[in-house]
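Just the one chain here, laid out as C-alpha cells, in the form predicted on its own.
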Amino acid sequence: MRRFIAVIIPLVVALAGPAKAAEVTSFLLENGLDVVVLEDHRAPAVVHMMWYRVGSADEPRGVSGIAHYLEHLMFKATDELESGEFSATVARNGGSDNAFTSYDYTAYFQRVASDRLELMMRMEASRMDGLALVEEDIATERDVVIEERNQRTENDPGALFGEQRRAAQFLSHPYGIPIIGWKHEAEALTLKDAVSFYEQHYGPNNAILIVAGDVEPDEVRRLAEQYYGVIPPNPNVKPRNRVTEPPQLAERRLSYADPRIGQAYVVRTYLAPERDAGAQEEAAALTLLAELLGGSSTTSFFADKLQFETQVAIYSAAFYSGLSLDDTTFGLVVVPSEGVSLAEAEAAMDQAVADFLEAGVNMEDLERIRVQIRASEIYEQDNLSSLARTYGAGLTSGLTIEDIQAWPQILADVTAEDIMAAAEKIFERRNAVTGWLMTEGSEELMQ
C-alpha cells in the first residue's frame, strides 16, 4: 500500500512554509545569479544548492528527457574536473551530493561541513559553464537513463498508466510529457542534443544559489563573487515561452489493463490553478480541501464515507500539488474493496464529493489540520535540506521570497467559505481525466 501511495500521489504536498529559525538574506550578482542565504548556526553543516530555471517542460519537441539526461551528464568531466571527480571529492570530504529534475527546474546539491563550502562553490562553478562532454559519456549515460526508465516506468504498470493519464490531461502543454522522456525519444538523444540544451539554458543568469546552514551572509557573498561572479551571463538564455493548454470542453476517460496489476483503482484529476506570486489564496484553499477530503487514511471525509461508513473502498485519497509554474492538477483516488467494481467505486467517489459539497467543512477537522501544518513548520526548522528545497522550488516556480514566507499565514487565514468556493469551482467534470487501472482479463471490475 505504501508503494501504491508513492506512485499515485505527487512526491510532496508542501503544507508548511520555511522555518522561521533561519535568517534569510538575498542578493543579486552582476551576472544575474540570484543568491539566497538561510543562516542557521545550530550545527556546523551547510547545504549548497544550485537551481536552474529550466526543467523538462522547457525541452524542445522531439527530445523529451534531455533535461534529466543533462542532469546525469553534469557529473561528468568539466574543464577543471575529471569525470566522476565531483562526487568523489564530496564523499572524500564526508559529504553527500545528488541532483534532481522536475518539470520547472533542475537542481544540484551537496551537504557538507560548513568549512567545505568554498570547495563546493569552486566545483559547482566549474560545471556551470565548463562542462566538457564527449561521445563516450553520452552513450554510457544514455544507457543508465534508459535503465532508470525501465525500472521506474516500464516495469511499473501504475507508472505507465500515470504517463497516459497525464498525457490525456495536457494535450498541448509539456506537462503532459514524462520528465524522464518518452522511451523512443530518450533512446535517441545525442551529444549535440545535450550540448545544445546546456548552451541554451545553463549560466548564472538562469540560476539561483541557495546556501543554508552554518554560514555568514557576507562570507557567502564573498565566495559567490569569487567563484560564480566571474562567470559571464549566458546570452542564449531567453525568457520561458510555454504554450497555453487549450480549454478542456469534455471529460476525458481511459482504462488500462495489465496482468502485473495487483490492485485495481479509480483515479480522477482535474485541471487546477497553481500558486501564483502575490495570489496564493486559491491554491491555499485547494491545499486544505485536499487534506479535508482525503489527506488522511483514517480521519478524512473520504475515509469516513468510503472506507468506514459504506466500506466500498480499502483506500481513498485526495491530492493537490500547487507548487508549479503553470496550471497543475487536483486529484481523487479510490481503491475498491473486494467484490466492488470500478464503476461502483467511481459512483461512490462521486457521491462522497456531492456529500461534502452539501455538508460543508467540519470545523474540528479544519482545526486539526491547522495544528498539523504548524507542527510541520516546527519540524522543518531542523532540516536544512528541506528548508533549502522549499526556497529553491518556490523561486524556480515563479514565487518570490515574500510569497514563500507568507505561505503559512495564507494557509492559516483560509476560511471554510474559501474552501467550499474552491471546491465548487474545481469539481468541474469537463476539466477532468478519469482513469481505471485493472488486471488484464478482469473486465468484470468495470461493470
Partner chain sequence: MIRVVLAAMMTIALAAPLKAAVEIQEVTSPGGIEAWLVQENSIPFVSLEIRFLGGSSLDPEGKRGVTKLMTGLIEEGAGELDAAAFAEARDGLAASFEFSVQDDALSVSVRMLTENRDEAVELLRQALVNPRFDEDAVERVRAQLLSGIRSDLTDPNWIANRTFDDMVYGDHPYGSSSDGSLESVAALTRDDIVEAFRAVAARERVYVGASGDISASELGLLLDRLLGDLPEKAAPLPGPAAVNISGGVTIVPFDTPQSVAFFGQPGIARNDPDFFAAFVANEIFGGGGLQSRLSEEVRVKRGLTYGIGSYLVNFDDADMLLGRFASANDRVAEAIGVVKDEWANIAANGVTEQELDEAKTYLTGAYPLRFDGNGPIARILVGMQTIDLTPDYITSRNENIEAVTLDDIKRVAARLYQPENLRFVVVGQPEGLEEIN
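Positions refer to the first chain, counted from 1. The shown structure was predicted, so the numbers you read here are calculated from the model rather than taken from an experiment.
Below: the form predicted together with its partner chain, not depicted.
Interface residue among 165, 305, 76, 173, judged by heavy atoms within 4.5 Å of its partner chain in the model of the complex: 76. This chain is drawn without its partner chain; in the model of the complex, the residue among 255, 200, 205, 87 with a heavy atom within 4.5 Å of it is 87. Judged by heavy atoms within 4.5 Å of its partner chain in the model of the complex, the contact stretch among the candidates 416-424, 376-384, 401-409, 22-30 is 376-384. Three-residue candidate spot 91, 148 and 372; every residue lies within 4.5 angstroms of its partner chain in the model of the complex by at least one non-hydrogen atom. When its partner chain is considered in the model of the complex, residue 186 lies well away from it, no heavy atom lying within 4.5 Å. Proximity of residue 111 to its partner chain in the model of the complex: non-hydrogen atoms within 4.5 Å are present. Its partner chain in the model of the complex comes within 4.5 Å of no heavy atom belonging to residue 62. Shown alone here, residue 127 lies farther than 4.5 Å from its partner chain in the model of the complex, counting heavy atoms only. Residues 143, 144, 147, 148, 150, 151, 152, 154, 155 are the members of 143-157 with a non-hydrogen atom no more than 4.5 angstroms from its partner chain in the model of the complex.
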